[in-house]
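So this first bit is one chain, no partners, the form predicted on its own, shown in structure tokens.
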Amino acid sequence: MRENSYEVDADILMNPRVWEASGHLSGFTDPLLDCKECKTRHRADNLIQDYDASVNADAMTQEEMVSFIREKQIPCPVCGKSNFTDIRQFNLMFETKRGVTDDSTSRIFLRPENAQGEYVNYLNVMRSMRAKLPFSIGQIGKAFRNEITPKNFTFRTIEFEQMEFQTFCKEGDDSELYQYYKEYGKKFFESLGLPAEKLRFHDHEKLAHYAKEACDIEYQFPFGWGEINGTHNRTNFDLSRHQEYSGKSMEYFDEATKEKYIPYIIESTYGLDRIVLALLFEGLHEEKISDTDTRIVFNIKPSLAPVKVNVLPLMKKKHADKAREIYQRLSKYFMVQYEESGSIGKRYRRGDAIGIPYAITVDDATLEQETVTVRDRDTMEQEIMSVEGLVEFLRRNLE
């Protein structure tokens, strides 16, 4: 929907020089220390944040983190003792080899982020699409990090899905665009169904070497506040570095002013797995229906529900053929599930638990009058309607 925006699907394995230029090979590290008692390994910043959530470990130097841990006698989460080694920096890049024989192999890396794939394709997109500044490149794809301490369900994992959006602009327009995408991120999350009171901005006190401005959006998970979006003003650092390492000019020619310059980049990146986790925490719950009955229901917005419709024959032997016919018709327009095993009540409940917004029951009235019963997941109310009117009804209510 956004003007002057283009999608790419960049390589997972890129030339190793890309990661030299980006600084990942030299500086993409985690501060780790080992418990001398039980030999487990931990991230120093996580130890501090878990001990005292009011402390901003990101703003601390390595020496300050060590001092804080020792002064407060922060215990090991595993054994409870407080006897740690000094901090060592551990590179998060997943390394592999390319080549057919041992003496001809070269080191390559699985990408730890999607952004660099957009930067090295900046010229391709600009030229092939005849793009004028400001323009954006978006990408959805896997990233990989050699996390030593994966935890909190799917919040921190070794492979994850990122949604990256990079906007290339002229210096001077950067701060306004940065503010726009920062605010847009919060509105976007609210539109998905995450409540405003469980979202907050976390402006970075300690900026990365490439950043002029940086802010995270955090969601209040049951285990604490966690980042689900980051917006960064990366200046012209990335394109300048890729120009230096590749020998190819990354300059943009501004026809209006006849200037040549390397664009600034405003990055807005979203953790897709973390957003899904937040939606699960927000929407999945046990609901009391009566004194003797409860149900598990996933109240996700119909537009986001993976499966939109559950088609259920009331009696398998009698109504299955007609139900299959309706299933095939609706499958042209929506993601539809067909289910015939178990009682109708149990099938309703299974659909509720995975967030299917509507259940369509096929019964004798369907065979005789071409009508079905449509059940709403959230209200559990049922409505009789014609088979012919189903597609229009669902389109209207699923948007």
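Residues carry their position along the shown sequence, with the first being 1. Keep in mind the model is a prediction, meaning the values are calculated, not measured.
Although it is not shown, the form predicted together with glycyl-adenosine-5'-phosphate (GAP) is what the next lines describe.
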query: Position in contact with glycyl-adenosine-5'-phosphate (GAP) when the complex is considered in the predicted bound form, options R241, R145, H319, K212, heavy atoms within 4.5 Å; finding: R145
query: Listed residue that, although glycyl-adenosine-5'-phosphate (GAP) is not shown, lies within 4.5 Å of it in the predicted bound form (heavy atoms), from E282, E164, D174, E218; finding: E164
query: Contact test in the predicted bound form: G117 vs glycyl-adenosine-5'-phosphate (GAP), heavy atoms, 4.5 Å; finding: no
query: Non-hydrogen atom contact N236 with glycyl-adenosine-5'-phosphate (GAP) in the predicted bound form at 4.5 angstroms; finding: no
query: Exercise: E287 in contact with glycyl-adenosine-5'-phosphate (GAP) in the predicted bound form, heavy atom 4.5 Å; finding: no
query: 4.5 angstroms heavy atom contact with glycyl-adenosine-5'-phosphate (GAP) in the predicted bound form for G271; finding: yes
query: Candidate stretches 150 to 158, 129 to 137, 192 to 200, 295 to 303, one within 4.5 Å of glycyl-adenosine-5'-phosphate (GAP) in the predicted bound form by heavy atom; finding: 150 to 158
query: Those residues of 222 to 236 which, in the predicted bound form, come within 4.5 Å of glycyl-adenosine-5'-phosphate (GAP) by heavy atom; finding: E227, I228, N229, G230, H232, R234
